[in-house]
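One chain comes next, on its own, written out as structure tokens in the form predicted alone.
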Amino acid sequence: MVFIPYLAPMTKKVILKAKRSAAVERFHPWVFSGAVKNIEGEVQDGDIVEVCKADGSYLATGHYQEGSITVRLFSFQQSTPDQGFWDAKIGRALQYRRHLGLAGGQHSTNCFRLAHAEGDGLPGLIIDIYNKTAVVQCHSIGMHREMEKISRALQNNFGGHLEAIYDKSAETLPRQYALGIENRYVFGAGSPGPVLEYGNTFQVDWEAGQKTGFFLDQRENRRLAGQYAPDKKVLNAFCYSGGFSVYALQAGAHSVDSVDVSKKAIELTEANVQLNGLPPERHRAHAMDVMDFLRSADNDYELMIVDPPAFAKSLKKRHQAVQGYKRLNALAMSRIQPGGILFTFSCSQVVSQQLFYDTIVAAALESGRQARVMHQLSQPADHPVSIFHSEGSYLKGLVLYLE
């Protein structure tokens, strides 16, 4: 018998060009294709690679994927990403949410974001918790290839408190790779059901709904809007499942109009209003285009929420998006009576906070309205932004008092 020695698989390495390692040394989690000098080893999309300086010294570890962002880094310490590694990663994310008071079994809120991509050192990975179900959404091939370990890490950290894990990555992965992917339960089984947010009940459809089923990033902003809603005539534009509408009605709004072009969204909004036992006579739902609704609306709203979907997902469409935000907000401002309040948002990552602010200034000038900034809003703490990755700040909001 011939003895064949075991040969450990060669570590695949991405070597950076000279003077192109500074960003990684500052813990930025992306390696761009233009910084790559050469690659050692045969690499495929999703492979784990080590990123090294031009002299070969180690910098970080991440997932390789051909494209402008060539490596998404999940560790700046040389280690083996085995089950224990992912257990620790998910464990740290969970401990942070416990510090926020979101993962301690509190009775008024049982839905929150557990893993927020680069903000938690997990680029390409989103995990949202809906009561006893975890919904996982991968945005990179590498993270999706770790699904078994991520699923096990969730079970190890939550124990019996987690009953199901649903992989909802088919819509967010690169098209060619996603051809063989189906959304499915990778652990347990279940069906969409109600969750609690600050005592309000919402029906969340993580299987067929947008994103992971609910816009958890507006939780604190919904709560703030409720504080201004008592006795007011309210418009919730782009209402989706009616989160802002429910908070306004719970707070004692005089009336609420919910508008969304999606009939399914309107049905979900009406279901959530009913689920919370709110008086139906104070709520009107409209399945129509928001701009068309605003053009025909009265100009006596006292509180308005304008929370559109992302108008731009690439730099090429940023100018077009800015013009869209300006037109939308100028029209919205014209429908708010003096002394009224506007909550306005952008979730377009390529539109910076300053650019959004300047766009709303332009909208106020176009509408001829004087406005005071009451609040500058962002995403909540369970959607953290790494201090080394400012691109993770995507949600911008302004609350304006209009005269």
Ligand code: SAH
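Quick note: we count residues from 1 along the sequence shown, nothing fancier. Being a predicted model, the structure only gives us computed values, none of them experimental.
Unshown form predicted in complex with the ligand; subsequent notes refer to it.
Of the residues Pro309, Gly277, Gly101, Gly159, just one reaches the ligand in the predicted complex with a heavy atom at 4.5 Å or closer; this is Pro309.
Contact with the ligand in the predicted complex, defined as a heavy atom within 4.5 Å, holds for exactly one of Lys89, Arg222, Arg72, His283, namely Arg222.
Contact with the ligand in the predicted complex, judged as any non-hydrogen atom within 4.5 angstroms, is confined among 109-117, 294-302, 211-219, 131-139 to 211-219.
Using a 4.5 angstroms threshold between heavy atoms, Ala253 stays clear of the ligand in the predicted complex. For the chain shown alone, Thr201 is not a contact residue for the ligand in the predicted complex, no non-hydrogen atom being within 4.5 angstroms.
Residue contact with the ligand in the predicted complex: Asp260 places a heavy atom within 4.5 Å of it. Taking the partner from the other structure, the ligand in the predicted complex has no heavy atom within 4.5 Å of any heavy atom of Ala271. In sequence order, Asp289, Val290 are the residues of 289-305 having a heavy atom within 4.5 Å of the ligand in the predicted complex; the partner itself is omitted from this view.
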